[in-house]
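In the form predicted alone, a lone chain appears below as structure tokens.
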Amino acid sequence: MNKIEMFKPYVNERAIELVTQVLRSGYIGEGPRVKEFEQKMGLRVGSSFPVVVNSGTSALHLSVQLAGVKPGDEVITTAQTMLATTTAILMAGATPVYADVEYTTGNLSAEDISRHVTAKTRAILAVDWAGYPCDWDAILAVARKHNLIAIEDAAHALGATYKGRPVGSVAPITCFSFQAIKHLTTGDGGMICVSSAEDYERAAQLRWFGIDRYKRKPSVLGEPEWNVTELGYKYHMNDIAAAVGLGNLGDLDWILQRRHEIVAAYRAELESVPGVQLFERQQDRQSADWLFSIHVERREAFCQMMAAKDIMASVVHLRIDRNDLCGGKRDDLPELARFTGTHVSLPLHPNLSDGDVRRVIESIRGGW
């Protein structure tokens, strides 16, 4: 009996072919494949100003800089996420301030954000947990009221929609991840989508040491002429990674559809199982279904039962504010405390067979 894994990277034959072409071309840095991938991804997520980078974390770091976050500022965010969300804030010299989450989605509570706004607050950084979009109308209303920049961490949410709009065109700044086990992988990579040509140019410069690659002047000495005015980073994507992404992009619709099919089966079959509570789903948004998270009673026993049947189950991320780096565990986030005690995610990736999905369902229906 095969072990059913939580995640499995997806790389198709077209991606392998394109990578081979790039390797044989002799040009493997940031070149034409990066530009092509950037343009196609912008079209995919409804953004006129996409900037691809070497990781989702790099995208997040650039996002807080573009939002004007400086040392001494505060950014309201969620502790129900991967460490990278807070790392980006700390890298800017700012302080993460954690608001509570919604128990039935895992997303940042728009209602609780206002409670944490101070004179030092500069931005809101919200995560679409498991690929299910936050209540962005409510979050953006809070941002407007307090003159804050709203940033969407959509690392889980490529392919999601909110009120008919693709994630990538909803918040002023949106960050994606193309890490190994995401819907679309480039091996590792990310993208930041901004709302103006000015922010696009700045982000494009910051991703490569603050240098505008396309406005450099050629020189007879071999070193192009340029003048750096702002500290930048080595965050650019290369053509090898872009080739992986371009190849896999052709299968993205199928990947999303397969994930939706698996989730539909889980929801239909697990809805009435004692000890299981499904997450909320509203008609005005479509999850990207990166994770399938549920709440379960006696979670440790549940995970032990699944492991005994060679099926992986995982919390994926526990609240990060328990880390000293993040300030230590807070005691004023009651819904997060509830969420932390009961949530778990089931295997979800396009390589799962119908038989695998049935085995997961029957194992849970058998009890623990």
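None of the values given here were measured: they were computed from a predicted structure. So that there is no doubt, residue numbering starts at 1 and follows the sequence shown.
The next section is about a form of this same protein that is not shown, the form predicted in complex with a small molecule.
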Query raised in the report: Which of Lys309, Arg44, Arg330, His317 has a heavy atom within 4.5 Å of the small molecule in the predicted bound form?
Result: His317
Report summary line: The one option of Ala110, Ala84, Val276, Leu90 with any heavy atom within 4.5 Å of the small molecule in the predicted bound form is Ala84
Requested in this report: Determine whether any heavy atom of Ala67 comes within 4.5 Å of a heavy atom of the small molecule in the predicted bound form, and answer yes or no.
Outcome: no
Query raised in the report: Might Asn248 be said to contact the small molecule in the predicted bound form, defining contact as any heavy atom within 4.5 Å?
Result: no
**Report entry** 4.5 Å heavy atom contact, Pro50 and the small molecule in the predicted bound form
**Finding:** no
Report task. Could you confirm whether Ser293 comes within 4.5 Å of the small molecule in the predicted bound form, counting heavy atoms only? Result -> no
Query raised in the report: So which of 231 to 239, 150 to 158, 94 to 102, 257 to 265 is the stretch with heavy atoms within 4.5 Å of the small molecule in the predicted bound form?
Result: 150 to 158
